[in-house]
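Listed next as structure tokens is one chain, alone, in the form predicted on its own.
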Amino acid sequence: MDILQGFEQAKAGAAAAGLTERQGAVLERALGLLVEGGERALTTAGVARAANCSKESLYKWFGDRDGLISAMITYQAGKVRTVEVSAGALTAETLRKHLIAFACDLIDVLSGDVSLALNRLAIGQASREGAGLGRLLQERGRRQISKRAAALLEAGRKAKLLAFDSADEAYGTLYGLIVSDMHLRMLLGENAAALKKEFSPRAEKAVDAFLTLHGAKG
């Protein structure tokens, strides 16, 4: 990921969570602490110190620690960008372009240290503390991404470029084609850097396979 892409994703994450750029920067630092030091590093005092803000500001913006973690997940999920576009503005070419951009963002975010750390933490907690973090990742993470992507797919269907019965099911197919077993392999320790050369071709192949399955015929 280049610097400009990272900056644009950060802006998208803040916008998706309804945050100012300053609040987004605080969450970015909190996510960095999670990657660097694990769950124990994610304290209110630690985040305030690392982000150069007061604990009072953290409580005002995010509430308690659970609220902070929820905001972190929403912010991270917002980095997977989708466009809001009307059916009338779509062509086969622009739809494919938008889907490939979404696929690249999804792969980039899922393969990043932050998402891997959050998922590993959720897996570890599920066996000893219930599935609270796992539910947050589903509700504030995957479902929010799914909702935005499904809106793009619906626009494609209204433009008679896509054919499917359920946008949610169609998104499930698209997600599976994009991610495949890649995320699991990285969660199990496979080097993400070694896989990065596959990311762009994977995104294009996944979208083309999806369009073969769900592209409107005739």
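Rigid core here is just the name for the largest C-alpha set that superposes within 1.5 Å across the two forms. Note that the coordinates shown come from a computational prediction; the quantities given were computed from them, not determined experimentally. Just count from 1 along the sequence shown to find any residue number.
Same protein, other form: the form predicted in complex with the DNA, not shown, and the subject of what follows.
Within 4.5 Å of any heavy atom of the DNA in the predicted bound form lies no heavy atom of Y175.
The closest heavy atom approach of K160 to the DNA in the predicted bound form falls outside 4.5 Å. The DNA in the predicted bound form is approached by R65, whose closest heavy atom lies within 4.5 angstroms of it. Taking non-hydrogen atoms only, K205 never approaches the DNA to within 4.5 angstroms in the predicted bound form. This chain is displayed alone, yet in the predicted bound form one of D181, E190, E56, D168 has a heavy atom within 4.5 Å of the DNA; that residue is E56. Stretch 48 to 56 is the contacting one of 147 to 155, 48 to 56, 182 to 190, 28 to 36, since its residues have non-hydrogen atoms within 4.5 Å of the DNA in the predicted bound form.
After superposing the rigid core, the Cα of N191 is displaced by less than 2 Å between this form and the one not shown. Fitting the two forms on the rigid core leaves the C-alpha of L153 displaced by under 2 angstroms between this form and the one not shown. Cα-Cα spacing of G189 to T43 is reduced in the predicted bound form versus the present form (difference of at least 3 Å). In summary, the C-alpha positions of G37 and G189 converge in the predicted bound form, ending up at least 3 angstroms nearer each other than in this conformation.
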